[in-house]
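Here we start with a single chain on its own, the form predicted alone, put down as structure tokens.
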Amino acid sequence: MNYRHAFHAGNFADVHKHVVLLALLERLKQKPKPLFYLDTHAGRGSYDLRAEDAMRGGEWREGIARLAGRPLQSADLLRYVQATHAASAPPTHYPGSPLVALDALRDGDRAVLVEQQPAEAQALKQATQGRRDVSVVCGDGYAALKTYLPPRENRGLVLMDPPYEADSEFADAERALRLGLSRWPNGVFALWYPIKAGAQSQRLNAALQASGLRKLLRLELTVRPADSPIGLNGSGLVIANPPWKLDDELRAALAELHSALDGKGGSRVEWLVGE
């Protein structure tokens, strides 16, 4: 596997994903009991936007940079901007999902961060050094679902954010979500997927609709026409067991985010499978 998230750090898909990640954690923290957080494809934790990889594509300029200094109404967007230190100017570094989540978690909450690539896992260990109740594991994120679920806390969130490099990744992700929910039926799961030309994301959604799973919420954000043949047209998340009223509360937030990103397409918040 050759995927390096440094090329894409801070792009519109990261913004979408991390707005939703923080929204989920904020709502889970409304109860005082400790949380468990599992990140199955964690990456290195922090990305230098001035480095060659990030500068080559410059994808962050159409993502996090679009929010810098912009007046925002949604509490969920304001929380994200504060977490990424982008209130007045684009950041020079962008936090990956592990650091976004760890900064939101409380004392007493626990996190397991899994990354398969040894160099990325080592960088993540350095980025999280000194943090309590945090384990960094170099290994297979899907296998971690068997190892760490169900957690002793029995409350929390699993983020599944695979690179979708292999042709089988969409099917693998769908099977992994079913596996995770079979082991922890009341856990909150967030599965990210890319939206590109072609029908892969539609097939994933159709497979989930036919899977027998319940309470699946779909959150999509597109910035290019659906038939654009090059690159990433949109970003999608399926949330299993979403917190109460998340759909209503994020609908306005994602519409505002889409407007701020100044792209084509739009945003969609709807139940893929209801109760």
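All values derive from a computational prediction rather than experimental measurement. Start at 1 and count along the sequence shown; that's the residue number.
Absent from the display: the form predicted in complex with a small molecule. The rest refers to it.
- Between the options 188, 114, 77, 191, the residue in contact with the small molecule in the predicted complex by a heavy atom within 4.5 angstroms is 114.
- When the small molecule is considered in the predicted complex, residue 153 lies well away from it, no heavy atom lying within 4.5 Å.
- Heavy atoms of residue 17 reach within 4.5 Å of the small molecule in the predicted complex, making it an interface residue.
- Contact check for residue 219: no non-hydrogen atom falls within 4.5 Å of the small molecule in the predicted complex.
- Although the partner is absent here, residue 84 is not a contact residue: none of its heavy atoms lies within 4.5 angstroms of the small molecule in the predicted complex.
- Partner contact region in the predicted complex: 136-144, out of 136-144, 193-201, 104-112, 68-76, criterion any non-hydrogen atom within 4.5 Å of the small molecule.
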